[in-house]
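Next up is one chain by itself, shown in structure tokens, the form predicted alone.
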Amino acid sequence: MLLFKKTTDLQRYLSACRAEGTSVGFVPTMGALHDGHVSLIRQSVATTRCTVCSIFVNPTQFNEAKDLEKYPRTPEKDILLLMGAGCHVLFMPEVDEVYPDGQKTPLDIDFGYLAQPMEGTHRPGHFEGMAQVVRRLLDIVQPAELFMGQKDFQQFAIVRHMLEQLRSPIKLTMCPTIREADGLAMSSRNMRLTPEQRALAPLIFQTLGNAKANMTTLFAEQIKKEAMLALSVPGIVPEYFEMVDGRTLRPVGVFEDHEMVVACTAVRVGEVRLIDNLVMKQS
């Protein structure tokens, strides 16, 4: 695996790869890698001839300074995981490599309703920062295919919209959420949970599963209320539980009116904020 820290060096190498007809796959991350990230790398390795992973803790998508400060950084472990997964190239830039001279050019893209509900309500400015850095990294790497995880479903929907608006030729692939044995979605934030909090966290996936099981007997609003109640236990504070259309992210009323329905939730377990989702219906 090759490691690049400078944009010009990475671009020179990838230009030579593309000139030889090598397809480039890209997995952007913020490090603190786990098996969920590894699954994205393996999907890219299986699909493209050169897999690039970036590790960049992007300051523009953190709306809470303490969250940025506490974000785990494990570069040595990350490198070993990437090598084991068959990654070809690791890009680990400093902030001034991604944003030269501090320039953070705003995106001229209207995300409309996609950026407003759920994470948009609870993390103002997050998606603008996320889309900005993804656009910048895509401009640097210029991949044929971009791989993202389902766990951040709203983020996936926004990046999909961005690529459509830009008329980008990049193929966007959503990879399934990888879970622990008890159902908890793998996340870099999980390592901040105390043992007691970690024991509570599987309730998130259990609640999502119960919501899906109740689709045939309850209306969407009833399922939402029951889910919020189920998540309101000592040690957990639910922020939202929504059932949304898989493309527009608008709330679902009648399940039969939608080709794809996704249940999305965010909770705080102590000071740690966790998100998860489950596809309820897909036709």
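Start at 1 with the first residue shown and count on from there. Note that the structure is a prediction, hence the values are computed from the model and not measured.
Missing here is the form predicted in complex with a small molecule; even so, the following discussion is about that form.
Proximity to the small molecule in the predicted bound form, taken as a non-hydrogen atom within 4.5 angstroms, holds for one residue of M30, M228, V45, M215, which is M30.
Among G36, P238, G235, G246, the residue placing a heavy atom within 4.5 Å of the small molecule in the predicted bound form is G36. With the partner left out here, the small molecule still marks one of 111-119, 203-211, 74-82, 151-159 in the predicted bound form; by a 4.5 Å heavy atom cut-off that stretch is 151-159.
Under a 4.5 angstroms non-hydrogen atom cutoff, the small molecule in the predicted bound form lacks G86 among its neighbouring residues. Although the partner is absent here, T177 lies within 4.5 Å of the small molecule in the predicted bound form, judged by heavy atoms. Contact check for L138: every heavy atom lies farther than 4.5 Å from the small molecule in the predicted bound form. Although the partner is absent here, V52 lies well away from the small molecule in the predicted bound form, with no heavy atom inside 4.5 Å.
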